[in-house]
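Here's a solo chain for you in structure tokens, the form predicted on its own.
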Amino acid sequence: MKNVLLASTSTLYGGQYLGYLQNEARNLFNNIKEILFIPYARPSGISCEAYTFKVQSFFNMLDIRVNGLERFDDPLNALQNAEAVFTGGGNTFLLVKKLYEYNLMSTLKSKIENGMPYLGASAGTNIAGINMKTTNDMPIVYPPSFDCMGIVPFNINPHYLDPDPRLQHNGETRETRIKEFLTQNDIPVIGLREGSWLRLLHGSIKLEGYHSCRVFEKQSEPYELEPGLLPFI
């Protein structure tokens, strides 16, 4: 039984790192004393070690220890023995490349499907989808595959932004890019706005948080779903 929280972002504008998810993280990791943190998507200008320290600063408030995967000589063994995992945001191409290099993708998927609590934010949420083709990130590295875990039966576009007519912007919007994806792929996409998350528990997938989500499906117009159980799953 999956026990998963997939957040659009780790930090809301003006807020603290993971601050808006404090209660949700406490519930997700109930009775967990130590989590394994996957830092490979690391944001620009920060080392894996510094990223892990930032994560530990948050989880100190929940009295949970954090072990960064970068500390282990054998990352696969560390993952196999983890009781819970958090994968942070950054660049999804880099994250997926590292997961394949260390043969971690299939093991992470298996452990999640067998009930290990998992928290993803941004890039860590992207990898829960069928593939990473709807990420917003630039391809700064070339992973061996775009395929991800398929923990949910769709793709996710974290940090989803609605078109803003005030900007007088002639470039492609996020909606345009996702529709472009659907001309070549028959995979639903959830546009997950910041401040919202998906909760997988008891065999269902529920949208929670502050906003509706935007749903894109092949050969149909995008539509909105309010927080609650996702009806098309």
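It should be emphasised that the depicted structure is a prediction, and the values quoted were computed from it without experimental measurement. Throughout, we count residues from 1 along the sequence that is shown.
Although it is not shown, the form predicted together with another copy of the chain is what the next lines describe.
- Interface residue remark: Q56 is not counted as part of the site for another copy of the chain in the predicted bound form, having no heavy atom within 4.5 Å.
- Of the heavy atoms in T107, none are within 4.5 Å of another copy of the chain in the predicted bound form.
- Using a 4.5 Å cutoff between non-hydrogen atoms, R71 does not count as a contact of another copy of the chain in the predicted bound form.
- With a 4.5 Å cutoff on heavy atoms, L76 does not count as touching another copy of the chain in the predicted bound form; it lies far away.
- Screening N60, N185, S204, N67 for any heavy atom within 4.5 Å of another copy of the chain in the predicted bound form leaves a single hit, N185.
- The partner is absent here, but in the predicted bound form a heavy atom of E180, alone among E49, E34, E180, E208, sits within 4.5 Å of another copy of the chain.
- Contacts between stretch 34 to 72 and another copy of the chain, counted in the predicted bound form as any heavy atom lying within 4.5 Å, involve R42, P43, S44, G45, listed in sequence order.
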